[in-house]
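Shown here is one chain on its own, the form predicted on its own, set out as structure tokens.
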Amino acid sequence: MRCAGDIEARQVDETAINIDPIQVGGRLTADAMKAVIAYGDGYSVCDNCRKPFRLDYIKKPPIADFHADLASWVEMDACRVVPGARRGFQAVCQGLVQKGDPVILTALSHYTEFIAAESVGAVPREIPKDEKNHITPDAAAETIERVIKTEGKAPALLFVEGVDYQFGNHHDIKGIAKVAHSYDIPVLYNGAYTVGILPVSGRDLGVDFVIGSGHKSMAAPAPSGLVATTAEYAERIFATTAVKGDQTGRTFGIKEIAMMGCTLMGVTVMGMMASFPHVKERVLAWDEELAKSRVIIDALLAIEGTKILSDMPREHTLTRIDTRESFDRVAETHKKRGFFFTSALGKRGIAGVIPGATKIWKFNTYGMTKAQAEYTAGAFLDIATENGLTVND
């Protein structure tokens, strides 16, 4: 089926149970789908853009209110919607970091955090993870001390993941923020896998910036995200332009530099807005999401040789798994090699595992119904049994 010319219609979530680690939190709601159609034209939200000619001031549709609602929701003082979490990282770096400044990241940081630091000429330095794949306050303190000693100055910013993308583990954000603030280092909370999935309070965490991903965790079209901050840093991060044309004398009002004048526009912001009431409600059902995830985890652990590399018991729906002693043993002699696994899942209507992956891989159960979780758990057990693997009661 094609939707236009050579463009095939995408029907992954319509025809399968999708467990792709990065996709499940970004599935659009029905309301977002309708908003996408209604506001698909490029400058659709600009019908009522009036002075001061800035997107986050538009009242119809209520984009101005949406910004205020987002800030209140994550319990910060100011917020902007941006084209993805990575642009939030970049905005913070642009506002706080000078060329040559050290910036603290972690051994579990996403590559876009490194690129955001690189974009302003910063010197990235990592907090190592411990044997349990955690980033700890003690390790943060040791890294800060090392950086001060080697670089001759304190880091300008510290990035830390609420839940990391590699293992789906939670980290001691409050403890790390307390350590960083004792050195007067602002803290950026990467909530790409938490904001829109589970309750997040920047004030309670004690961080200076909260970054979220609309297309990863807020049921929004890509690219979309948010950057929220405290009153202390808002003027620096959302600084307005002071440039003036030398020939024309032109100035550009209150356009914000980091936003390149305007925040997220068109179909992306409208899809994000349309899903927001549903997102606010769904984060309150986080315990239910964990319960469904654990049904699948229990089934996988019943397959002899299978290991969970993430924290146990699971406290997030994103999980890293090691099947080198189970499904990969089958792949060694199977005629399809590692592709037997994704093929078997596909025949059972399950998608999202990287084709050929039978060693170490990730999956995400977010958004499943209870029936889908039970079906998926059974599918893993069936594939194990039919390929001669031992399944324990």
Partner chain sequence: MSQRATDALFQSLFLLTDIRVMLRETAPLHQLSAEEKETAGKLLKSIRRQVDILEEELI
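Source: prediction; values computed, not measured. Residue numbers count along the first chain shown, from 1.
Not on display, but discussed next: the form predicted together with the partner chain.
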{"item": "Proximity of G349 to the partner chain in the predicted bound form, heavy atoms at 4.5 Å", "value": "yes"}
{"item": "Any non-hydrogen atom of D13 within 4.5 angstroms of the partner chain in the predicted bound form", "value": "yes"}
{"item": "In the predicted bound form, K34 touching the partner chain (heavy atom, 4.5 Å)", "value": "yes"}
{"item": "Contact of I17 with the partner chain in the predicted bound form (heavy atom, 4.5 Å)", "value": "yes"}
{"item": "Single option in A38, I360, A64, C46 placed near the partner chain in the predicted bound form, where near means a heavy atom within 4.5 Å", "value": "A38"}
{"item": "Option from 352-360, 46-54, 328-336, 24-32 whose residues, in the predicted bound form, bring a heavy atom within 4.5 Å of the partner chain", "value": "24-32"}
{"item": "Within 4.5 Å of the partner chain in the predicted bound form: residues from 361-393 (heavy atom criterion)", "value": "T369, Q372, Y375"}
